[in-house]
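The chain below stands alone and is given as structure tokens, in the form predicted alone.
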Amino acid sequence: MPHRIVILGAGTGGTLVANRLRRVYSPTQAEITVIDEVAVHIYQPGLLFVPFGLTDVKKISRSTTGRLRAGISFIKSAVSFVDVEANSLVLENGQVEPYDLLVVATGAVLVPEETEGLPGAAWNKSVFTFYQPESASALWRALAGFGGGTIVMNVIDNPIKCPVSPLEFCFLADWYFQQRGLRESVRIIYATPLDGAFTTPIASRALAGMFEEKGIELVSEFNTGEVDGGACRLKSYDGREIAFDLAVVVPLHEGAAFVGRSPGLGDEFNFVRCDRSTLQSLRSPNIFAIGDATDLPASKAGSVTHFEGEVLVENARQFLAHQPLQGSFDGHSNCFIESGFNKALLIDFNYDTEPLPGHFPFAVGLPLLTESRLNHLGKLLFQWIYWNIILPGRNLPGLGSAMPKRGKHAQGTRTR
């Protein structure tokens, strides 16, 4: 009988894993089913550009089924819970789907209601988030009519999807208002719970330096307890307040709710507990997880999901063949940071090595931790790569899942 492989989630991770597995197994060898409650696939990095009129939601959206290779089944439904002991899952309508191997790729979900004042009456009026399509479009209208005042970019808490996006928003806002001749009338503040601009020392210093050069104010260790849309104030647990005319927030993130209804599958925030190297669930050996759905100490970014996909598919194949798992993920993350004025930075790091200066992927290549037009063009090109190489499950020539070590100027380590 063919293997029954079920993949929960049709975002980046679920789609690329399904397509890679279809390349490994013929329809007679494996039945592959993808389950998701939404039938539209959005290129999430593109949401950053919507508020600045550089794209719109329609241009970064595609049909979910159109991204899946022939022979992959799709079920449009929410999941009620996973019955780990029975090797099956229950859909919202009570339908039971058995599996031999399950991949959880349901990503991270925004939970604004966990913060006092959110969403609230001011939502999409003076308080926004570009992490949701509707709010990103509303923010575009608000920015277009903004004539001056204070804009606060606030991360409520980590982890979040694409942790560099809030930084990029600040840089693009600086560029946007300079283009409109309004920059001197606009105060831009970045309020973060971190003790600096980023999670690691070298990158944090470089990004904080760019903030200073561009006149963007950095407020660190700001732990938002309330977003008071009526009074237009962010309130920290330590008593500090930041007044705003327009607030752009990144709400709290959690894993999918069904994970919490599946005993032992996830942690307290509904992220799937799994081995940081093999991506195998700690709850059951025939369950794997990928991308933002995991509890891994890796960045919740699309590049991480891409690199994990290669490892997960190899380990899934070995598991189904009753072989030891050989694939190992090193936490590799690679992010372009758009900085405005047709320039961008690039950072490349993993579990043990922080973002360092140098070049990627070799001694000659894209500059790391340095603004350049070449990196900006790389960021623009990535959307084409996403739709045509990453989602279809193809390999990028010369770039595997492991972080390349050549080209970096110094050795840096991170605490495990």
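Residue numbers run from 1 along the displayed sequence. Every value quoted in this text rests on a predicted model; they were computed, and no experiment measured them.
The discussion below concerns the form predicted in complex with a small molecule, not included here.
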Report task. Scan 107, 331, 112, 340 and let me know which has any heavy atom within 4.5 Å of the small molecule in the predicted complex. Result -> 107
Query raised in the report: Between the options 68, 347, 30, 47, which residue brings a heavy atom to within 4.5 Å of the small molecule in the predicted complex?
Result: 47
Query raised in the report: Tell me which of 75-83, 169-177, 239-247, 187-195 has residues with heavy atoms within 4.5 angstroms of the small molecule in the predicted complex?
Result: 75-83
Report task. Examine residue 364 and determine whether its closest non-hydrogen atom to the small molecule in the predicted complex is within 4.5 angstroms. Result -> no
Report task. Using the partner position in the predicted complex, report whether residue 379 sits within 4.5 Å of the small molecule, counting heavy atoms only. Result -> yes
Requested in this report: Look up in the predicted complex whether residue 128 has a non-hydrogen atom within 4.5 angstroms of the small molecule, and give yes or no.
Outcome: no
Report task. Report yes if any heavy atom of residue 317 sits within 4.5 Å of a heavy atom of the small molecule in the predicted complex; otherwise report no. Result -> no
